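Just the one chain here, laid out as structure tokens, in the form predicted on its own.
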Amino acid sequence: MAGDQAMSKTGILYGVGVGPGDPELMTVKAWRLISSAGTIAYLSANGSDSTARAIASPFIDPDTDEIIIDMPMRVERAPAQAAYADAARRIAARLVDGEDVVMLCEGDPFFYGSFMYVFERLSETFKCVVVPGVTSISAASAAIGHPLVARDEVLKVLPATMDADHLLAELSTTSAAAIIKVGRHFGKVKSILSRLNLVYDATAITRATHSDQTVRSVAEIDEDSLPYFTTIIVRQAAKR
């Protein structure tokens, strides 16, 4: 490929962050690209409805072509890698024909976003543009009306999928944390927060900014699991 000259003959892949849930939290740039897109792409987890598409739906033209990427949600990495490879192949076919493709991404494309795996497969061959979006962590902080960090505090972003010892070590050395991907790992997370005497400093926000958003103190939750799209904000009052 001869650099930018070759790229100019092909389409552009846009990875567009649609934010955490409320369509009004999308950026103007995201709205512009989605509303004028000839082709959009998005993930469909285990064949279910796409959250990213649902967020962007008010702005999608009925005549827009849609590339639905079936994503098997499993612990094993091989099925997901195969899905990303298939997505890259299907999107590349459109780009080669000179079509632009807008890939919808929940939150921000490069913040734990699946778009990064399509990006790494296509960015060396095609022009790719990343459009940032509001993250679930920012949305969760706004939902509970508490800043994430102040002054010289350090915020840790911790996936609940981490093993218990690692998560315990990370939480024991921070005054502020955002725990994501909670889902079936909630029981483990609550147990660790209790051991560290942080359970009363922790708030669980599920589906932040969606119409069915819930906000609960972790100490008051008895379930062993919560929806996947739950963020736990931990901020130690004594250190503020």
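Heads up: residue numbers just count along the shown sequence, starting at 1. What you see is a predicted model; the values in this text were computed from it and never measured.
Keep in mind the form predicted together with a further copy of the same chain is missing from the figure; the text below concerns it.
Visitor: For a quick test of understanding: in the predicted bound form, does each of A45, Y84 and V96 have a heavy atom within 4.5 Å of a further copy of the same chain?
Guide: Zero of three within 4.5 Å in the predicted bound form.
Visitor: Can you tell me if E106 lies within 4.5 angstroms of a further copy of the same chain in the predicted bound form, counting non-hydrogen atoms only?
Guide: No, no contact at 4.5 Å.
Visitor: Would D165 count as touching a further copy of the same chain in the predicted bound form under a 4.5 Å heavy atom rule?
Guide: Although a further copy of the same chain is absent here, D165 would stay clear of it in the predicted bound form, with no heavy atoms inside 4.5 Å.
Visitor: Just checking whether F126 would be counted as a contact of a further copy of the same chain in the predicted bound form - the rule being heavy atoms within 4.5 angstroms.
Guide: No, F126 is distant from the partner.
Visitor: Closest heavy atom of V182 to a further copy of the same chain in the predicted bound form, within 4.5 Å or not?
Guide: Heavy-atom contact with a further copy of the same chain at 4.5 Å: absent for V182.
Visitor: Within 4.5 Å, heavy atoms only, which of A52, I205, M26, I34 is in contact with a further copy of the same chain in the predicted bound form?
Guide: In short, M26.
Visitor: Could you pull out the residues of 150 to 165 that have any heavy atom within 4.5 Å of a further copy of the same chain in the predicted bound form?
Guide: The stretch touches the partner through A150, R151, D152, E153, V154, L155, K156, V157, L158, P159, T161, M162.
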